[in-house]
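Just the one chain here, laid out as structure tokens, in the form predicted alone.
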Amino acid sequence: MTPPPAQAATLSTRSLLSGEGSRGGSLPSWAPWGAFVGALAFCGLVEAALGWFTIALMVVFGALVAILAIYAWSRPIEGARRAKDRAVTMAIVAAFGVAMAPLVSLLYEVLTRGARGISWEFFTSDARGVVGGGGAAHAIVGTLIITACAVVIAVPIGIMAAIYMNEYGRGPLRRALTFFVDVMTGIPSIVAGLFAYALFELFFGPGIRMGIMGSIALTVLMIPIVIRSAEEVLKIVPNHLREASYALGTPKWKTIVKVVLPTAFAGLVTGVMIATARIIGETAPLLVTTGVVDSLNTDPFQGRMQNLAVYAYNEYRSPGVMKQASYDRAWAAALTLIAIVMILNVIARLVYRRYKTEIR
């Protein structure tokens, strides 16, 4: 039975879009994986025969060979259109894999090396009076205190600046503020540390080291990130919500407090968490401002205060007599920092799911 002309045209269009063309064959479902594994094996054998085998080169060249192989395999069976689709899909997947490879390698390296330094003593004791041992409790507590002080200072300033730029700012002043925020986003972290040190040196003299100095340095790095993320979140709040509030006679400041901020709350929390994760691992500004100490200090306004980033750096730079133990503690500190950042991101995701507002 011959199909109607319209249906025949539809079938022809579907055939062209699916890439079948004049060929009705199809590769098996395992074809992409088979091409990739075969390409890896081929490249590995060639590199081994040439005598310069490395996993990185095998993966890179294997991805290129796999793209060519899947195209050559699909072209005579499925047609040119479908073969191009498979080749482009393979290229995209390969690019994603190449982009993820450094991250996976980093996580694997930190997990395998850091696990050797993780112990109960690492989390519960400091290194005061201990030769070639001790824990990192003072660094963990110092990291949390320094970061918390930076968040307390930076978040109100950043959010209020974002509110001004999005809700009130107009003309040359707003453009100047936007320009300076962009400039601050790109400053090197050591510059922030030198700024904080110079500021406190004016009042307390040279050689001053305090935890709050590190918080000020991190605040300089955190404020532009908070401003930018908060400004973008505030921009997506629909104007009709503001207009409805104004129509009821609500003043602008109360509209911002009661309507705009609650609507953007989940996005603001996410931006703050991203900014916190950005600064929590900074080393250079804290080396200049907080110094190095082996004992626990919970007062950011009195004396030096250790943190995990500087602790890892110092353990690796000056390992002492028991070098391997110091290296293990440095990797354990890096693993602890990654764990803290992951916990912050999980908290941000939970807050976003709990308080997100459907904007229509």
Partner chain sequence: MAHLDTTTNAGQLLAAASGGRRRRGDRIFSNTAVIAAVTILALLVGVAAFLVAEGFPALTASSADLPNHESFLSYVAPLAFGTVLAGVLAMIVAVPLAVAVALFITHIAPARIAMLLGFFVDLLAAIPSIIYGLWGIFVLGPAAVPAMKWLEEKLGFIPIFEGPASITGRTMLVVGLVLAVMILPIISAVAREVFSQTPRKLQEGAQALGATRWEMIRTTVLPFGRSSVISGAMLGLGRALGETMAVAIILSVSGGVTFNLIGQANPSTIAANIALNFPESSGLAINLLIATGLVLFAITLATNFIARMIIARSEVQ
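Heads up, when I say rigid core I mean the largest set of C-alphas that superpose within 1.5 Å between the two forms. Residue numbers count along the first chain shown, from 1. Because the structure is predicted, anything quoted here is derived from the model rather than measured.
A second form of this protein, the form predicted together with the partner chain, is not displayed here; the remarks below concern that form.
- Only one of 134 to 142, 68 to 76, 163 to 171, 116 to 124 places residue heavy atoms within 4.5 angstroms of the partner chain in the model of the complex, namely 163 to 171.
- Of the heavy atoms in residue 267, some are within 4.5 Å of the partner chain in the model of the complex.
- Looking at residue 36, you'd find every heavy atom of it more than 4.5 angstroms from the partner chain in the model of the complex.
- Although the partner is absent here, residue 227 sits close enough that one of its heavy atoms falls within 4.5 Å of the partner chain in the model of the complex.
- The partner chain is not shown here, and in the model of the complex it never comes within 4.5 Å of any heavy atom of residue 42.
- Contacts between 103 to 117 and the partner chain, taken as any heavy atom within 4.5 Å in the model of the complex, involve 103, 104, 105, 106, 107, 109, 110, 113.
- The two forms, fitted on the rigid core, differ between this form and the one not shown by 2 Å or more at the CA of residue 94.
- Once both forms are fitted on their rigid core, the CA atom of residue 326 lies 2 Å or more apart between this form and the one not shown.
- Once both forms are fitted on their core, the CA shift for residue 152 between this form and the one not shown remains under 2 Å.
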